[in-house]
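Read the single chain below, which is given as structure tokens and is the form predicted on its own.
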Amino acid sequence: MADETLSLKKAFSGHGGFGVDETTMAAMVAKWRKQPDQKSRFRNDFSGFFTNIGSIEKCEDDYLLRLKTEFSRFKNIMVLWLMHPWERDARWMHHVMHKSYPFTVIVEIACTRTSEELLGAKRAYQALFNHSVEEDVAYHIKESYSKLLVGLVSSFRYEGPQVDNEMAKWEAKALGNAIKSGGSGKLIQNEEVIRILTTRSKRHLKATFKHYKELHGKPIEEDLGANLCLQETVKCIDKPAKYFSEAINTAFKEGADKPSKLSLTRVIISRADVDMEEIKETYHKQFGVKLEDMITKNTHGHYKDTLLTLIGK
């Protein structure tokens, strides 16, 4: 009985993991049929879920809200998997303005999608919300990085193979001068920096970042200080697999907040058919553990099975 109680406790969101173990729950319904005493012992033993009030064990409201989230993970991942990618991206961007999701979601979508994919997401946004994403970003986001975000979502980058190497060198110097003269605080609003990051092709920017490292002896990210928006923009353009592997790993950290945990579903759903193999290799190299092992360890039930299927386990 003790093993069954422990199994059922783990099934209810795994003490901090993701999802719930629906199979174990269903098995316990069968095993404990007509055994009210066993359920009573379970309630008394599960102090985080139940609190003794008089002669009953009361469900804790906070834990019920948590369970609602965990039970919904499988439903949400299936809906997102079926949804058109443009609608998915449009809804995720809308969450930034209306559900307190981090602004990095907008950076992620604007900088890791192709020009056609971003344009499609913007069309879907207008159809869904009767606003352009540009106007919503400009209106709702008042922080210093607002202009950069508007520029990123407005972009339609050239995706051909041509790169003007001399221009890339010149713009690497321009970025260096802007960093030197303005510091990371003013840098986020520097018109030249915004122009370069929001209009140049990804191939051009990768060449620019390469020249920057040759000129200054270190990657440009190290000179951006604590300016997260600029750092994430550069990372999403230059090393998207590293960005995605770090976003996934943040979701697994103890004490991760709700938006961080949601990034696990978002990244795997959006990259499953794009560059998941590269993300898996980068994750293994960066954190010393296979992504599939981390998912197996930290997630549960049908949610876990779906994630493993999506990453090609």
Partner chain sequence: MSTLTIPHVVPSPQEDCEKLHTAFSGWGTNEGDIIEVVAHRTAAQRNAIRRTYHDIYGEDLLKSLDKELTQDFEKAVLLWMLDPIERDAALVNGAVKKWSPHDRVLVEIAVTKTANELLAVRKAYQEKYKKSLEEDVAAHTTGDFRKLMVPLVSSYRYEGPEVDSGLAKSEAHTLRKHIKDEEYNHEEVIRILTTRSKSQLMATFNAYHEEHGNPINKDLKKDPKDDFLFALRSIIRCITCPERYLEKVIRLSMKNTGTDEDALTRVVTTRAEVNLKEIKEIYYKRNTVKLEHAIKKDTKGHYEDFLLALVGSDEE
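Residue numbers count along the first chain shown, from 1. What you see is a predicted model, and the numbers here were worked out from it, not measured in a lab.
Here the subject shifts to the form predicted together with the partner chain, a form of this protein not shown in this document.
The three residues 147, 154 and 192 all sit with a heavy atom within 4.5 Å of the partner chain in the predicted bound form.
With a 4.5 Å cutoff on heavy atoms, residue 199 counts as touching the partner chain in the predicted bound form. Although the partner is absent here, residue 76 sits far enough away that none of its heavy atoms falls within 4.5 Å of the partner chain in the predicted bound form.
Contact annotation: residue 215 falls outside 4.5 Å of the partner chain in the predicted bound form, judged by heavy atom distances.
Shown alone here, residue 134 lies within 4.5 Å of the partner chain in the predicted bound form, counting heavy atoms only. Of the listed positions (126, 72, 100, 165), a single one reaches within 4.5 angstroms of the partner chain by any non-hydrogen atom in the predicted bound form, namely 126.
Comment: the partner chain is not present in this chain, but in the predicted bound form one of 228, 138, 174, 83 has a heavy atom within 4.5 Å of it, namely 138.
Just one listed stretch, out of 220 to 228, 84 to 92, 239 to 247, 156 to 164, contacts the partner chain in the predicted bound form at the 4.5 Å heavy atom level, and that stretch is 156 to 164. Residues 116, 119, 122, 123, 126 are the members of 101 to 128 with a non-hydrogen atom no more than 4.5 angstroms from the partner chain in the predicted bound form.
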